[in-house]
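Take a look at this single chain in structure tokens; it is the form predicted on its own.
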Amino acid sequence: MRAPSQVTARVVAIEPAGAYQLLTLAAPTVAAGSEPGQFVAVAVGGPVTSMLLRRSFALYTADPGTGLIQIVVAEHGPGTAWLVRVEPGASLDVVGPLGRPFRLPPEAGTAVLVAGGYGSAPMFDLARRLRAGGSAVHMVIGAGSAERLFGVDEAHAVADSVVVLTDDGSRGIQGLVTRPLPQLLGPAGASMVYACGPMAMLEAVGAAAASHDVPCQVAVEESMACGIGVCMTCVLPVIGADGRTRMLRSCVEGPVFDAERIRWKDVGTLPADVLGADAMVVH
């Protein structure tokens, strides 16, 4: 992986994409070194602002040829509200590419890619790379409603099959993204699962994969305030190869982890058996 860079990125375009905004940025250094699953951290609020923390976004596309990257932004608070209202031609302070990407399989197989909401963003470049390596790709895309889906048309272009689900049934099948997994992981003979989306969804996908003895990589959506491993706000308990649990930083050791290594029920807590827990407790 290439070391991240802090760059001034020019806003090339901003356009609506359902419930989200798609930002295209000129950032050649970032585009040249990124891999599916990595992210960028963007400064928000302008040069004079009280919003000191960056906002992190998974890379949707990164084209070394054009030097362009794209991110999908959902308006949640003041930072993203400011970001979705920037004008083409404006400059943004961007750090990236950050984090550890999805790992590609050593040999061709059958991959199931599961995405929720704008968690679909990193899945399309991943699908292209998997298919370029000879793997078959089946995508499952879900969201609460039709307008919160992202990239359904593109999914049909990059995957061998696509299943679309919404919680309210406004598009595709009504239900959760886990609904088609027994069929995809069973008779289809899937050899790997990749997932990105809300944490509850990732836990459920990981459990489904484990029940079929299929390895599963997940890109977690923990809050990343700094993006470079300094602030420790995005830690979660992860079991290491030695069987010991450590609090790992999603932005540095992740955001991609093996689903079976994450202690899902303990996310957001400090388990007593975590390595170094005794030193982290406030007395």
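When you see a residue number, it is the position in the sequence shown, counting from 1. Model, not experiment: these values are computed from the prediction.
Beyond the structure shown, there is the form predicted together with a small molecule, which is absent from this document and is the topic of what follows.
Heavy atoms of residue 135 never reach within 4.5 Å of the small molecule in the model of the complex, leaving it off the interface. At the 4.5 Å threshold, heavy atoms of residue 26 stay clear of the small molecule in the model of the complex, well away from it.
Within this chain, residue 158 is remote from the site of the small molecule in the model of the complex, having no heavy atom within 4.5 Å. Although the partner is absent here, residue 78 is a contact residue: one of its heavy atoms lies within 4.5 angstroms of the small molecule in the model of the complex.
Residues placing heavy atoms within 4.5 Å of the small molecule in the model of the complex fall in a single listed stretch, namely 47 to 55, out of 26 to 34, 47 to 55, 210 to 218, 236 to 244. Among the residues 201, 73, 184, 86, the one placing a heavy atom within 4.5 Å of the small molecule in the model of the complex is 73.
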